[in-house]
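One chain comes next, on its own, written out as structure tokens in the form predicted on its own.
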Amino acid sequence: MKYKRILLKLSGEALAGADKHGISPDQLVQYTQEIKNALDQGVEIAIVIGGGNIFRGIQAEKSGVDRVQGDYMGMLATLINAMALQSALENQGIQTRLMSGLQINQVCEPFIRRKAVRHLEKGRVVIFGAGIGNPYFTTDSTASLRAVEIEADVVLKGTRVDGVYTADPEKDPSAEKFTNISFGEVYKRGLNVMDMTAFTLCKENNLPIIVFDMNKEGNLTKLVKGEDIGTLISE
């Protein structure tokens, strides 16, 4: 395997499938199978999943909810998704651990770096929920921070788009896809890959990012084997 330990970042919106809200059973099954196939290759897998299919903290202010309160609500939404993914994985016989940035001892462990690494070494899938436990930080930032902490080889950002383009391919049919691009070029072009905090953290720690289409069957396994899928962002 090209990558021994990965941090897989999934979006909550993608988990909603065609319904665009809530959790799609079909999408959950597909993600579970993709993760299982990669795990069977001997890869150590940690996962961060967003909560946008349930609640987005950054949109809370439009409803009159305080931003900090909204962010905590968003963290709880990520835990709902994480619990659903955990159950789906365990139904396939996969050992998992759910670790949270918030103290909710009835359903998950608190995040402790050494314990997370030990779980990975034992072949368990580790899911990080509730962000980093603080407002004003996105799940992209959580993915970057946790990846650095557990010494992951790469951050795999699974989206519904098959890479990074010169423009939004869903709006601009003339947009061109990058196969490889440097961190500096992403800055220069102002491309929207991750929020700036998350992106800078990866850059400063020389942690490569691959943006790829998670919804295409087999893509995750191909990536960990070293095939050129999506867009690689590195130094």
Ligand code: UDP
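Counting begins at 1, following the sequence as shown. Note that the structure is a prediction, hence the values are computed from the model and not measured.
Here the subject shifts to the form predicted together with the named molecule, a form of this protein not shown in this document.
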Contact assignment for the named molecule in the predicted bound form, among N215, S24, S11, T221, heavy atom within 4.5 Å: S11
Partner-facing stretch of 148-156, 109-117, 128-136, 87-95, counted where any non-hydrogen atom is within 4.5 angstroms of the named molecule in the predicted bound form: 128-136
Contact label in the predicted bound form: D71 to the named molecule, heavy atom within 4.5 Å: yes
The named molecule contact at M75 in the predicted bound form, heavy atom, 4.5 Å: yes
Contact of S144 with the named molecule in the predicted bound form (heavy atom, 4.5 Å): no
Interface membership of K36, the named molecule in the predicted bound form, 4.5 Å heavy atom rule: no
